[in-house]
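A single chain, nothing else alongside it, follows as structure tokens in the form predicted on its own.
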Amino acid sequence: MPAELVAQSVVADPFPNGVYRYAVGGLLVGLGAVVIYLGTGIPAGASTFLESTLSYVSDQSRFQQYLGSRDWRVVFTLGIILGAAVYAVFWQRGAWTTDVQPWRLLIGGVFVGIGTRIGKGCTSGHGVCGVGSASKTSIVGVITFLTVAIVTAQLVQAMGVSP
């Protein structure tokens, strides 16, 4: 097999939908983080959306720390939802669906929600902004959740679990 075919196979196997969509998606995520950081001086992250939104209806001090940033956090989160909707309508064939059972999504969501509060950030906050700024806590967080995700995915695949 010529070297070019081997090289194409190595690249094509992990990216069955092509490399460009991941590169373009990563570029847009990175640009979004840059815009937020340049405009606010705060690393972007979606996990603080709930707490900052609760500051509109609660007087508890833990939520009041977001008074100065809650408005842009709402706009940022709405932008994430709007961007995904625009992509789904114009470039994706039909709405996104999943075969994953709702109870599995709910349990996974609860773990992610608790984990992001304990870890003081989510995958986007730690993975994109934290690692990008060489934050030691973010590097530890990313290494930890990637390790758990890789091990879990390998175990699930080996066990033959399906949605």
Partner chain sequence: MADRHPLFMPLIFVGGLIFGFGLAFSHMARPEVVLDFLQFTDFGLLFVMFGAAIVSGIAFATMPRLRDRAPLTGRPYGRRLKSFDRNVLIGGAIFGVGWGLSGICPGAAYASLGIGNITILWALAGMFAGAYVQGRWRSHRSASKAAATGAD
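These numbers come from a predicted model, not from an experiment. Residue numbers count along the first chain shown, from 1. In this text, rigid core is short for the largest set of C-alphas that superpose within 1.5 Å between two forms.
Keep in mind the form predicted in complex with its partner chain is missing from the figure; the text below concerns it.
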Judged by heavy atom distances of 4.5 Å or less, which residues of 125-139 approach its partner chain in the model of the complex?
Gly125, His126, Gly127, Val128, Cys129, Gly130, Val131, Gly132, Ser133, Ala134, Ser135, Thr137, Ser138
Following rigid core alignment, is the displacement of the Ala153 C-alpha between the shown form and the other one equal to or greater than 2 angstroms?
yes
